[in-house]
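A single chain, nothing else alongside it, follows as structure tokens in the form predicted on its own.
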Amino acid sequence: MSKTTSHRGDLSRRTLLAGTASLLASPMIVSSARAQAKPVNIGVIMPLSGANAQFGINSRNGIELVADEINAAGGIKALGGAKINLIVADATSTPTTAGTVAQRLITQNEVTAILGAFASSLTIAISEVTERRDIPLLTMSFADQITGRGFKNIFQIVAKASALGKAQLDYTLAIAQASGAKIDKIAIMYEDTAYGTAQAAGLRAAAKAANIDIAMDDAYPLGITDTTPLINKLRASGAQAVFPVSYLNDSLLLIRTMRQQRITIPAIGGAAGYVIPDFEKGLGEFAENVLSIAPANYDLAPDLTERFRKRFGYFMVHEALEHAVALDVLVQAIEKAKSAKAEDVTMALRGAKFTGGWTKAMTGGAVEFDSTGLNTLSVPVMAQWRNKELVTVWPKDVAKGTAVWKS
């Protein structure tokens, strides 16, 4: 790989030194030279089948949008206009398969970096492979352990799950207080994989700090088929608000069962299944006014995110947005390194701050990684379903609408 990069650099210098006059006289030669720049392979590993397939498709769409825009604008300038070549692989929704897919993708392709894989459990499995092979992995997965293991090749675009869980509770208390309500007792329900477990820990810690009674604190298996026992327990708990942390199918089943049993206390979702169009499509009127924490929301940067809606026909869900940011940051790092070698790109990412482009869509307006690879500028937002759209309602300084609170 190093020989290839070195050869490309030598060839470029010789061409410029020997042919300056002819290049100036013939712009077509410049275009031809750029067209010959070696493409930069970027692996994209997402759950494109199984229970989390829709999230994977959304994520892939966001990445493809940005790759096409960069290629149409002339490619990676520091590499002579090299085009981005996405190598997309299906992680399925099983961690063991995701790790195997990552191993095969790296072995069979000369990749600069990998993006993926939405679900924390998949990302953790893939990161074990990328760390061994010294390939940078950029992700929007939430789980704390993603950047909490001392790995040198992983970069987390969003806040950790524990921070999201804390914001999920703190923002809710602030919204309730602003409407004149006071919360003393809550219920927590979460799926029992890395994502749900980590975010529930954040909720639990925030409740303890706020002296809030947790009347119910129950894990359930991912893909639960009967939520009746959970909902019966919720009804008996006397909770004033419920905090479910779920992927899509579980979120649909939980909220539908609650509302059908006329349990109308506010529900504050934990991102994932609560902030994608299929949630509203699956629940109809039951979705109205449901709140959810999210790492980002499309209404904060419509000048960027409306391009996604125009191309794909639905609003830019947060996983698509954050994967778009991840690719933009990766390309900025390649430009900075002036190299597509994985180790050079990792060095350019580590501890660096990235601005402009799609990073403006993040709540911090930029991306800055600390020594663990965590983006320290990401601040969660609270969104609420209103007429089939997600409106950012908290924090106040970025809100696009006032929260509706019905206790």
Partner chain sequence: MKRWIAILAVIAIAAVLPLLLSPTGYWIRVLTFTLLFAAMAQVWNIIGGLANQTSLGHAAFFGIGAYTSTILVLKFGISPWIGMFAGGILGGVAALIIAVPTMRLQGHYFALATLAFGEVMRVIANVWTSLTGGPVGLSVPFVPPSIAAYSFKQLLPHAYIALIALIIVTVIFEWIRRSAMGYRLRAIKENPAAAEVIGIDTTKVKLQTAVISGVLMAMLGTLYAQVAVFFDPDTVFSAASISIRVALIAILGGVGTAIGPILGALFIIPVEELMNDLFSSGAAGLSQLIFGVILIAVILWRPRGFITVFDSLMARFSNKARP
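This one's a predicted model, so the numbers in the text were calculated from it and none came from an experiment. Residue numbers count along the first chain shown, from 1.
Although it is not shown, the form predicted together with its partner chain is what the next lines describe.
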L283, V88, M258, L304 - the one with a heavy atom within 4.5 Å of its partner chain in the predicted complex: V88
So which of I334, I268, A194, I157 gets a non-hydrogen atom within 4.5 Å of its partner chain in the predicted complex? A194
Any chance T228, N232 and N249 all have a heavy atom within 4.5 Å of its partner chain in the predicted complex? no
Would you mind picking out the stretch of 374 to 382, 348 to 356, 334 to 342, 42 to 50 that comes within 4.5 angstroms of its partner chain in the predicted complex, counting non-hydrogen atoms? 42 to 50
How about D218 - does it come within 4.5 Å of its partner chain in the predicted complex, if we only consider non-hydrogen atoms? no
Please check if T107 has a heavy atom lying within 4.5 Å of any heavy atom of its partner chain in the predicted complex. yes
How about P277 - does it come within 4.5 Å of its partner chain in the predicted complex, if we only consider non-hydrogen atoms? no
Within 4.5 Å, heavy atoms only: does A67 come near its partner chain in the predicted complex? no
Can you list, in sequence order, the residues from 87 to 110 that come within 4.5 Å of its partner chain in the predicted complex, counting heavy atoms only? V88, A89, D90, T92, T94, P95, T96, T97, G99, T100, V101, Q103, R104, T107, Q108
